[in-house]
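Here we start with a single chain on its own, the form predicted alone, put down as structure tokens.
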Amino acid sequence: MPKCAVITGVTGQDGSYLAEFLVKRGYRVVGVIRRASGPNLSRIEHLQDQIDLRPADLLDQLSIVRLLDEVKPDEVYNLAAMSFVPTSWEQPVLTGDINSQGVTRVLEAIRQVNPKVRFYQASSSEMFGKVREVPQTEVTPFYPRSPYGVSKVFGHYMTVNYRESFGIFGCSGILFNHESPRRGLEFVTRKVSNGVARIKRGLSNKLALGTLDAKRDWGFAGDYIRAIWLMLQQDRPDDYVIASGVTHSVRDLVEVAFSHAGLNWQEHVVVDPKFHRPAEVDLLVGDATKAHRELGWAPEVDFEALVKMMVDADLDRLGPRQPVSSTSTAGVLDTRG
């Protein structure tokens, strides 16, 4: 009998990649959608005949209990969240209710229905915030700098508490920034790749960004999904940093993206203070040694390949490529790579 996995946040970037990954491994995949939200199913449109979509809500524990009782999963992956950091400043209470207490509701539902269910919690590098050490590991103290980061710390430690208090097989993946062509347009990587494509296609001429100096550890979401799954296949539950171990600035991101499209970024990028966070996180870089050693995991797609992949996808989405010389910044580079 195939394993059954429940994925909250199945319509998001990570959820869609995880659903694909598990379907290929013969899982019965149950994706959780909020009945009232009118979910955008575009990322999982190609999977809808292979997965089972069920209504439930992290704000409603009874709906989660009913779902687990009905589908009887072996694994639960909690990927649903208010995930955009700037929005967490605009809606801090809702962010806390979903990202913090939402985790508690899922854990409590597991404890009530079947404590043997294996649980994955999507923690975040944003928990490190104003970092205490570089690079960051599983034992680096947290210092979150946003309501989002604070809410993720709560969910992280609640998972630890249910693991230690009730014996729940609960793992938290402290994932550093992971991107893909399925990333939302509000995130800086996709904002850049889409902005480059729009400029290349003549749909706009400027791209407004916040600070260019913030540094992040960026990887490919498809690689990181593999690590998530591996955590729940181990003999004992634990927490893992998942990261590339290499840091790049937003300026690096911009330079690679514009160069790949044969454009000079300095002619198009403007810095707009309205995109600055109230409290900025300046440097995040993870040490995934534990994941390498215990999970046998390592990323396969590097930073430049990731950025080029995203630019190519947005160019394809906006129209056919125009082959040009790669030697002129005024022309167009053949972006097929």
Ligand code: NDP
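Numbering starts at 1 and runs along the sequence shown. Because the structure is a prediction, the values reported are computed rather than measured.
The next section is about a form of this same protein that is not shown, the form predicted in complex with this ligand.
- Using a 4.5 angstroms threshold between heavy atoms, L59 counts as touching this ligand in the predicted complex.
- Not displayed here, this ligand is kept clear of D314 by more than 4.5 Å at the level of heavy atoms in the predicted complex.
- Contact between N177 and this ligand in the predicted complex is found at the 4.5 Å heavy atom cutoff.
- Interface membership of I168, defined by any non-hydrogen atom within 4.5 Å of this ligand in the predicted complex, is ruled out.
- Only one of M231, A197, A80, A257 lies close to this ligand in the predicted complex, with a heavy atom inside 4.5 Å, and it is A80.
- Contact with this ligand in the predicted complex, defined as a heavy atom within 4.5 Å, holds for exactly one of S244, T159, T95, S124, namely S124.
- Of the candidate stretches 135 to 143, 231 to 239, 168 to 176, 67 to 75, only 168 to 176 has residues with heavy atoms within 4.5 Å of this ligand in the predicted complex.
- Residues G12, Y148 and R183 are all found to lie within 4.5 Å of this ligand in the predicted complex, as judged by heavy atom distances.
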